[in-house]
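Below, in structure tokens: the form predicted alone, a single chain.
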Amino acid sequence: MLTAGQSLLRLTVRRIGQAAITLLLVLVVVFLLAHMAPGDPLSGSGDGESFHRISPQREQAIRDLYHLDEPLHRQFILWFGDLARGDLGRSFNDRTPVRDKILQRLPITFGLNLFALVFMISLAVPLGALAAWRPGSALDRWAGASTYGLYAIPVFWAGLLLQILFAVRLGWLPLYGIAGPDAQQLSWWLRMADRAAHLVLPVACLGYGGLAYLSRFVRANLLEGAQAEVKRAARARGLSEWSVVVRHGFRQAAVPMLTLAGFILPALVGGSVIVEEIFAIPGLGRLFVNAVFQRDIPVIMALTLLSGTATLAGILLADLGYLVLDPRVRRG
């Protein structure tokens, strides 16, 4: 019979293998879709070289550089071989290394998603706990109606409304970008204040949808954790209703909340594509949109790899946390 450690190790290896196979299939599908789109993959070149004006020799040299005359399966194998050596290729658009493009924009997207995650958790957990404290009360009904209403608003529409209200009409916050035109001339504190002002609307736009379902998720799991039997036993020990919900509810809700946490950050990364485009934020999301319009296949593949890895890593960490915290899953 396997010990708990051996069982956990076997399940971990199995989860990692499943994640690797899933990521490989995602990359194959995206690669085929990118190449099967109509038109020439190099037609979106942005370095000033039109393939109708350069010599046939120059055009053929560029095609040889990107292996565009090879069969699709051969192109994918060559791309995967370069990836195994740590080479993400060069952009079709400006011939710069894809790795440099990603490293330049990664801190912006990471910071935006990190602030959005803090915004969601700092509001959703107290709101869900308050709703679970008095289920069926006016506060609970108001919280449910408002969060469901927020969840139903499309991100692109919410972003435009926020821009119109707070940037155009009231003039309280910047309209777009991550810094003002004269930010480099300001002192460090004023630069940080300028950056924070530029992030308020994008962070709110990126986090309001997650705030809605996360608060309801917290409420549901707190109520499930603070069951009637637990409440009666806690009251017999002299604990208040709030203590029952917070102390016992959060303890029982830790496992499902950990599972949800594995999906939140990848979902934010996907949502940042729209938010970065609306607010003209030079992050990975906007880079991906530009790459799709320009058919910049090396950039598309690299960002798909990064996004897929982040998504599967979040799910994998949630699964492993579930295995560690709940022995019933290991026995199952």
Partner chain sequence: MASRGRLPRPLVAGLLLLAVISAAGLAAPWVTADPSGIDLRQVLKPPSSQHWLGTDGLGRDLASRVIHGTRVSLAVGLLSALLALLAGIPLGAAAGYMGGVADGIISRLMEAVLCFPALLLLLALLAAGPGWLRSFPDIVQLAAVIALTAWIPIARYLRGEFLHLVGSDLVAAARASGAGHLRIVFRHLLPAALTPVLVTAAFTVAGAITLEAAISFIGLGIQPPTPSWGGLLTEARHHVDKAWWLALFPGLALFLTVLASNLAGEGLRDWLDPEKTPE
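For the two forms, the rigid core is made up of the largest set of C-alpha atoms that agree within 1.5 Å on superposition. Residue numbers count along the first chain shown, from 1. Since the structure is predicted, the reported quantities are computational estimates derived from the model, not experimental observations.
The next section is about a form of this same protein that is not shown, the form predicted together with its partner chain.
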**OP:** Considering only heavy atoms, tell me if L33 and its partner chain come within 4.5 Å of each other in the predicted complex.
**Re:** yes
Original post:
Does its partner chain get within 4.5 angstroms of any non-hydrogen atom of G149 in the predicted complex?
Top reply: yes
Original post:
Would L287 show up as a contact with its partner chain in the predicted complex if we use heavy atoms at 4.5 Å?
Top reply: no
**OP:** With heavy atoms only and a cut-off of 4.5 Å, decide whether P154 touches its partner chain in the predicted complex.
**Re:** yes
Subject >> in the predicted complex, segment of 198-206, 93-101, 166-174, 127-135 with a heavy atom within 4.5 Å of its partner chain >> reply: 166-174
Original post:
Within 287-305, which residues come within 4.5 Å of its partner chain in the predicted complex, counting heavy atoms only?
Top reply: F288, V289, V292, F293, R295, I297, I300, L303, T304
**OP:** Determine whether the C-alpha of W79 shifts by 2 Å or more between this form and the one not shown once the rigid core is superposed.
**Re:** yes
Original post:
C-alpha of V292: shift of 2 angstroms or more between this form and the one not shown, rigid core aligned?
Top reply: no
